[in-house]
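Just one chain is shown here, as structure tokens, and it is the form predicted alone.
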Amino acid sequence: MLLTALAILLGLLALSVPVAAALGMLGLALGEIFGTMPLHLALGDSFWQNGIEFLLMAIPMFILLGELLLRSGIAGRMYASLAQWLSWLPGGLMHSNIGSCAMFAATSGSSVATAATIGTVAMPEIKRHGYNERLFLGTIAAGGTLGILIPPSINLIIYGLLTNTSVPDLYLAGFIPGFMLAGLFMLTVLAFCLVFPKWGGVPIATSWEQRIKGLPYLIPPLLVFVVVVGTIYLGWATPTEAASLGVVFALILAVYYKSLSLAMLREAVEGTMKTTAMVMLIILAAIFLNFVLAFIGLTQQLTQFIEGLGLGPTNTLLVIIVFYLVLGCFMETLSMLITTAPLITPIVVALGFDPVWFGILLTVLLETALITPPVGVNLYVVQGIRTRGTLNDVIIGTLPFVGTMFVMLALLVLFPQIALWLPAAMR
């Protein structure tokens, strides 16, 4: 069953069939080959029942929030302000790229939106200040991955939904690892620019007066973060309601900055609809596939196989990590999360690991998949914004940050309290 499933899936992806269609076709094929009942008759009911899931309404809300922050100019002003404070470090604006990605991630919830937004603002600075182009592109692609780890995160919501894990606990668990990973990215840039000083470009001209003047532009993203995450932990709103409050607050900020117009709203809504349609179709197709896999018994067989290896909890976990690192080279992260989390999480929990901790570990693995070829989505996003050169430049630029993510994975395995301390403290 597993070999058949992998052969069909890889064949469809090799034929450039869209991910959502590939997952749906795989579910239908496995149902016809191994099912004892006409499982295709459950397709409509599966789409309807899961499509009206209240928690999934947070996805278009967070996407719209990111669109509004980009098109109202808030993201651009935030980047310019951070540049005044971080550009003195060896690496200059590359630190601003990572810092801006971390701040935007705390309001967006999407890695693609984070990389696209900061990339659009930062890309013109490469030649202007003489940076090493490959490393500069790598900071945008890698920094963008923080969008699915630092709360609010769409992927953590989906993981919580699929594994029946508390989303507020997952959000709390993502804080320290998220900002720690951003710090490790900045240390990576610092190390390379100390060894190769020319890679750090020409520092921008600034002064304490300019830095102080730019501070107010950092306040709107922080306020959005407080509104979204604060209302969840105060018990005033669910994640879905908090995302909606974030959208309302972003509209208020757009009015304040006099950037709200019908044209801006139309562009934001169109961008939201396109992204939401893609994401939701992938989710619904993958949920149907999970239903088929459970019905034909593949889920149980995979669980029994891994448990039957007799490797012990730690070695089994290492096998799972390697499995995700390899799978991430060939599969889009959202579909990988949806198709594997319901299968792997019960195994991990049965081995004695915390599901909240595994959610964070899995998210870092998904982040790694975002910047590993040939299917690393952020690589294509950054190259698409660049509109020149080859994808190889972006791939080479992200390699140091893939190594940094391996360090983060090792730290999470060796010190689980990095993720679990804050949820326990808040309880």
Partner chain sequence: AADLPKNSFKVVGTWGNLSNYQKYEGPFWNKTVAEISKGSITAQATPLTELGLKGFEVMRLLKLGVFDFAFGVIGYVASEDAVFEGVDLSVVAQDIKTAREVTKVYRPTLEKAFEKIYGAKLMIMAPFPSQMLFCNSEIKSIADLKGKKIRVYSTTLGDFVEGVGGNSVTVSFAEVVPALEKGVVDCGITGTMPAYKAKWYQVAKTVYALRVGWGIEFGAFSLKRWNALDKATQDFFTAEFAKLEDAFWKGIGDEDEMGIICNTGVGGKCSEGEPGKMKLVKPSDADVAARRKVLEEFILKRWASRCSAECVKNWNDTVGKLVGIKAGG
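Everything numeric here is computed off the predicted structure, so don't read it as measured data. Positions refer to the first chain, counted from 1.
There is also a form predicted together with its partner chain; it is not shown, and the following applies to it.
The listed set Phe179, Phe192, Phe353, Phe295 contains one residue whose heavy atoms approach its partner chain in the predicted bound form to within 4.5 Å, identified as Phe295. The contact residue chosen from Ser259, Thr206, Gln300, Thr314 relative to its partner chain in the predicted bound form is Gln300, the criterion being a non-hydrogen atom within 4.5 angstroms. Taking the partner from elsewhere, Pro168 is found to have a heavy atom lying within 4.5 Å of its partner chain in the predicted bound form. Proximity of Leu41 to its partner chain in the predicted bound form falls within the 4.5 Å heavy atom cutoff. Not displayed here, its partner chain is approached by Asp45 to within 4.5 Å at the level of heavy atoms in the predicted bound form. Its partner chain is not drawn, but in the predicted bound form it has no heavy atom within 4.5 Å of Ile396. Annotated contacts: Val224, Gln417 and Trp421 are all free of its partner chain in the predicted bound form [non-hydrogen atom within 4.5 angstroms].
The stretch that touches its partner chain in the predicted bound form, counting heavy atoms within 4.5 Å, is 228 to 236, out of 84 to 92, 314 to 322, 179 to 187, 228 to 236. Residues from 29 to 61 that approach its partner chain in the predicted bound form with a non-hydrogen atom closer than or equal to 4.5 Å are Thr36, Met37, Pro38, Leu39, Leu41, Ala42, Asp45, Gln49, Asn50, Glu53, Phe54, Leu55, in the order they occur in the chain.
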